[in-house]
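The chain below stands alone and is given in structure tokens; this is the form predicted alone.
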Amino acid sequence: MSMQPPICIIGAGIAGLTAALALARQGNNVCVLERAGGPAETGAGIQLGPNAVRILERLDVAISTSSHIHRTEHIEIMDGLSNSCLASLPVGVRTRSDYGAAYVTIHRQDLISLLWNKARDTEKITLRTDFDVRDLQTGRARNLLVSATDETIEAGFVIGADGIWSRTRQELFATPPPRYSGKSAYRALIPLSEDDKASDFLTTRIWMAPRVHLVHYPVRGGALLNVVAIIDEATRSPEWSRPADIVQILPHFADWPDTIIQRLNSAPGWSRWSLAELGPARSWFRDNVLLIGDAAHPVLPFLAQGGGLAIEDGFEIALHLARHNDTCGDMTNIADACRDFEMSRRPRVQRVQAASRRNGKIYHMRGVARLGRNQVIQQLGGERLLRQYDWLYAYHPPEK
């Protein structure tokens, strides 16, 4: 193995770092190429279901004991106009007893730092910063990655984990560019006082209303409240992330409870993301290059599984390579492993994408549809609603 070029991963995000740890665990030499000067992640908070937490624990990433996480005990489904709780999902008890891991919330930067530090301390992983891949030359037995400064690295296998705007995908895969979904996400981090911590602000809540919904949950161990407002908007922002003003947000919450309006006004600043979707790619693998995470299959954030799918992808590609006894010297084995990986992952990914899109429509229902939705949720109750996601949270990656 030491005589073979390493597996190179483009992107040190959630998918890339998880893949590096999983591949190194199987005995592979891995080089992670990050164009930034160090670990960085846009966004704010992220929810990790037990399907993701369980994998991180298998990789010895100390997610469950980190002081940065907040363990979610309940997810409350709220009607934003009536200020009423329709159902409370008992995720704390259920995830630990039935799914074998906690449901946690964490700041994205804290999660990336945990993964980065673990990778940095792993002997078979090399982390390269300030390496912006300008050119990727694929070959039958070798791939060559060229940086913006003309530095070259030889790789036996390349994994593109460079996000929804993946340059790897744009250069090698005949996939249309991401398209605007018609929804924008406004994000803020709000400091929590001691009085706030004693209130229900530490409870994860999803507030639904016509053409808008709001999600909030604690991060940084309960020091900050991560708030995300998803709004139907016809106009796409020209940038992936840009500063936003509260005056862009408040008109969409005119009929909401005063406590929510006050909380929105208390945010020190807002950022806007235009949520994008990607048409189905015919394949995630070509010329010894594999796409994973958002580079392959971005998912709208209405099921809180973008990070979960990235973690699953990173873990499972290592299992498929190990199953084919690959040593990065036999390109046929790599191709077989990647085809098996895609065949295994695609049905689950498509199910998550469809469920997320469906949630986005349900959350924004209006008129009679909204009233009917509320009635159904109340009749089902939190326990039965959570049972509908057994397929999601109880998922265990196959063993080698």
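All figures in this text were calculated on a predicted structure; none of them were measured in a lab. Numbers follow the displayed sequence, beginning with 1.
One more form of this protein should be noted, the form predicted together with a small molecule, which is absent from this view; the next part is about it.
Participant: Determine which one of 314-322, 257-265, 126-134, 151-159 lies within 4.5 Å of the small molecule in the model of the complex, judging by heavy atom distances; exactly one does.
Facilitator: Of the options, only 126-134 has residues within 4.5 Å of the partner.
Participant: Which one, 208, 219, 304, 91, lies within 4.5 Å of the small molecule in the model of the complex by heavy atoms?
Facilitator: None of the others qualify; the residue that does is 304.
Participant: Should residue 19 be classed as touching the small molecule in the model of the complex when contacts are defined as heavy atoms within 4.5 Å?
Facilitator: Residue 19: no, not in contact with the small molecule in the model of the complex.
Participant: Is it the case that residue 310, even though its partner is missing from this view, gets within 4.5 Å of the small molecule in the model of the complex, heavy atoms only?
Facilitator: Yes, residue 310 sits close enough to the small molecule in the model of the complex that at least one of its heavy atoms falls within 4.5 Å.
Participant: Just to confirm, residue 33 within 4.5 Å of the small molecule in the model of the complex by heavy atoms?
Facilitator: Looking in the model of the complex, residue contacts with the small molecule include residue 33, since a heavy atom lies within 4.5 Å.
Participant: Are any of the heavy atoms in residue 337 no more than 4.5 Å from a heavy atom of the small molecule in the model of the complex?
Facilitator: It does not: once the small molecule is placed as it appears in the model of the complex, residue 337 has no heavy atom within 4.5 Å of it.
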